[in-house]
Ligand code: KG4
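As a starting point, one isolated chain is supplied in C-alpha cells, in the form predicted alone.
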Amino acid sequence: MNMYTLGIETSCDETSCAILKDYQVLSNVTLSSLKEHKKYGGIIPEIATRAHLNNIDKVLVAASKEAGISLKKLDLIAVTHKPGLGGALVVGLNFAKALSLALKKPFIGVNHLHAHLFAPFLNYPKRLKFPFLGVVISGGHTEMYRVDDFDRIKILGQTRDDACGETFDKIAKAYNLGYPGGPIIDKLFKEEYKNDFKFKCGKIGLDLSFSGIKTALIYKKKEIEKKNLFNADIKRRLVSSFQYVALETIIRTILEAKSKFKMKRIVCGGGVIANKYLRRRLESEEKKGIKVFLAPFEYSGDNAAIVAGLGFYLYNIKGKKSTIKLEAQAN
C-alpha cells in the first residue's frame, strides 16, 4: 500500500508530529512544555496552548526530516480532535486543516483515547484482532472499553472522579515529591512496603474512584506530621502502599471485565501503562492463557504516532471521511 500518514497530537502539553508508512513508524517527534508547568504542579491550559503555537511548525519540520519524507509525499493527515484541552486541540486541528488545504490532501479527526489502544499494533499490524478489552490509563483518563472494531467501541467502566494518573500527581504534590507524580512514585515504590498502610480504592461495578484514597493519603501525612514522625522512610512506605492498592484495584477490575465479557485479549495504553509494577502484573496474566498487549514505552504517553496509526486504519479500512468543518471537542 505504501501510504504516508502524518499524525498531529496537541491534546495536552505535548506537541507531537509523526510520519508513518502504512503502520510503520518513520518518525515520532514530541516536544513537551512540561518544564513550564512543573512549578504549578499541574497543566496550565494557556501555557500549553502557547507552547503548541510556538512549536508545532518546528516539530513538523523535525518529523519530516527524521522520516526523510517531504510534505508533498504525504497521502493523509490525521489529527487529534478530541478529547483534551480546548485551546490546545484547536491549535493542532487548525494546523492540520491548513496543511490539508495547502497540500490538497485529505485529513481526518481521531479520538486520541482510542489511539492509545492502537499503540501496541504500530509496526505490528498482524497482531490486530477483534474483539478485545481496551484499557486506557493516563493522567486525565481511566477508562475501559469493549472494542469490536475501532469504529465500534463501547465504554464499560471509568473513573467517577480523579483519573489514576491525576491521583498520582496530586499525591506527589501533597508529599512534595515533584511533578509529574507517576514516574516519581513508581521509582520510590518498594513491594515489601505494599501492605504497610491499609488504604482502599472506591469501586462500583467496573467504575472506579480515586478521590477517596487521595484524601486518605493527605490526611495520613498530616496525622503523622503532628506526631513528628514523618520522614523519608515513612513517605516511601506510604506512597508504596498507595501505588499497590491503586494499581491492584485497576488490575482486579480489568480481570472482572475480562471474565464478565469473556474476553481473551486485553489491550492497554496511556501514560500510566509505563508504570513498571503495572506492566509486570499485567504481563503475568499471560501465563493464565490471556493475550495481553501493552503500549510500548515510547508510545505510552500522548504522541502523534498512535494518532497517525489509528487515522490510517480508519481511513483505509473503515472508510472514515472528515470535512473542513470538523471541530475540536474538549474535555
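This one's a predicted model, so the numbers in the text were calculated from it and none came from an experiment. Residue indices: 1-based, along the sequence shown.
As for the form predicted together with this ligand, it is not shown, yet the points below apply to it.
- At a distance threshold of 4.5 angstroms between non-hydrogen atoms, A48 is out of contact with this ligand in the predicted bound form.
- This ligand is not drawn, but in the predicted bound form it has no heavy atom within 4.5 Å of D207.
- Although the partner is absent here, N28 is not a contact residue: none of its heavy atoms lies within 4.5 angstroms of this ligand in the predicted bound form.
- When this ligand is considered in the predicted bound form, G140 lines it closely, a heavy atom lying within 4.5 Å.
- This chain lacks the partner; the member of G109, G182, G134, P120 within 4.5 angstroms of this ligand in the predicted bound form by a non-hydrogen atom is G182.
- Picking from 52 to 60, 272 to 280, 259 to 267, 286 to 294 the stretch near this ligand in the predicted bound form, with a 4.5 Å limit on heavy atoms, gives 272 to 280.
- The partner is not shown here, but in the predicted bound form the stretch 161 to 180 reaches within 4.5 angstroms of this ligand through a heavy atom at G165, E166, F168, D169, P180.
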